[in-house]
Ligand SMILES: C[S@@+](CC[C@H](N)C(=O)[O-])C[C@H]1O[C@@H](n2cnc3c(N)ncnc32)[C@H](O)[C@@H]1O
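Just the one chain here, the form predicted alone, laid out as structure tokens.
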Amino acid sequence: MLNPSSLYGVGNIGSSGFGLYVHVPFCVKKCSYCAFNVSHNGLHLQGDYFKALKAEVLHYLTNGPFELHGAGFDTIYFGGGTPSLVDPLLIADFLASTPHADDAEVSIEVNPESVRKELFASYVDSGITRVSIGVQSFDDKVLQYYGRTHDMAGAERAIELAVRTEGLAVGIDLVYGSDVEDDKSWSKTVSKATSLAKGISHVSAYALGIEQRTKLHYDKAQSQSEDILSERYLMASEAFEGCGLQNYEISNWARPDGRSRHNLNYWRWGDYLGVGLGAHSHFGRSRWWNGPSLKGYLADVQIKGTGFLAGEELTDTQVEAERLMLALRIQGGLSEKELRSWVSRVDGEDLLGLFEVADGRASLKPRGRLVADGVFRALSI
């Protein structure tokens, strides 16, 4: 294993805070589109796993580079997998042993089928401030295609329970573009989401991608055409913004006080520690990642304190390119001066029409967001 003092470069290039990502790999079953590191038969190891998570955090706090000065982590995010499958006492114990600021944003992903009123109450008691509910669709046909274990009614019930929980901000995740989804189906999902907008503060909507080693990939499934995906996106964006949810990142809409601080730290090229199997970390010019095996992770942490598998040091050119790519994704990600500097490098004045500028900050217009990757390629030639 590389010596931490040699691997980790100068931190905080992108932001002034530290985020902590906690990967919880347990699932009842793997969804048809899922390419994440998950385990659908390892829940009996949850106690050992959380013991290892605490040990890995401690390792990085005492051996660098995340030597926290002050209150601790600014954001903590439990992702998965299905974190809501885990005994909430394990979540509470982890948070009690992990230094974080009094005003830290603490988020957890939940699946509708595993929630109950008492679960949300226990989350608030342990310090969790926001939940992200994996709805994906309000069409049962689409949910079956994705291999989800909940239906539309279950999703509505989960959202209702979460919204009624005092002290908890509520967001939902959606996925669009499967080949069993038509315009009517997506319109139904968007309409249901907007009807719930008074109670929720955040919506994520991602175009379906068919990734390798997923069930959809093996089944030779197809997502919708780029033209259809574009129209689905624009329809959703107009609807969400019409009910007070502002687009602050290409695939994310929120109320002004409902934006994900944890994810904004990623998009602003900030520093974050990832613990758990397959988790990624970033500090300064360095990034590294853990191995994908559950039993391997448990053994590695016991032997060497972390699940570290490999890492890399980024060049100045890579840093510049990645910061541009991420800045294009977020509202006001570039200053007007930065935008004009990038445009002048490639003689790309025609690209300026894809941007809007407010208070000296530049953002891609809705149709510009659809071609953000192309804009990045054009500016970074």
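Numbering starts at 1 and runs along the sequence shown. Since this is a predicted model, take the numbers as computed values, not measurements.
FYI, the form predicted together with this ligand isn't displayed, but the following is about it.
- Contact with this ligand in the predicted complex, defined as any heavy atom within 4.5 Å, is confined among 75-83, 238-246, 99-107, 120-128 to 75-83.
- Among 290, 286, 260, 111, the residue placing a heavy atom within 4.5 Å of this ligand in the predicted complex is 111.
- Scanning 148, 202, 232, 282 against this ligand in the predicted complex with a 4.5 Å heavy atom cut-off leaves one residue, 148.
- Proximity of residue 171 to this ligand in the predicted complex falls outside the 4.5 Å heavy atom cutoff.
- For the chain shown alone, residue 296 is not a contact residue for this ligand in the predicted complex, no non-hydrogen atom being within 4.5 angstroms.
- Contact check for residue 33: a non-hydrogen atom falls within 4.5 Å of this ligand in the predicted complex.
- Heavy atoms of residue 209 reach within 4.5 Å of this ligand in the predicted complex, making it an interface residue.
- Along 120-153, these residues reach a heavy atom to within 4.5 Å of this ligand in the predicted complex: 134, 136, 148.
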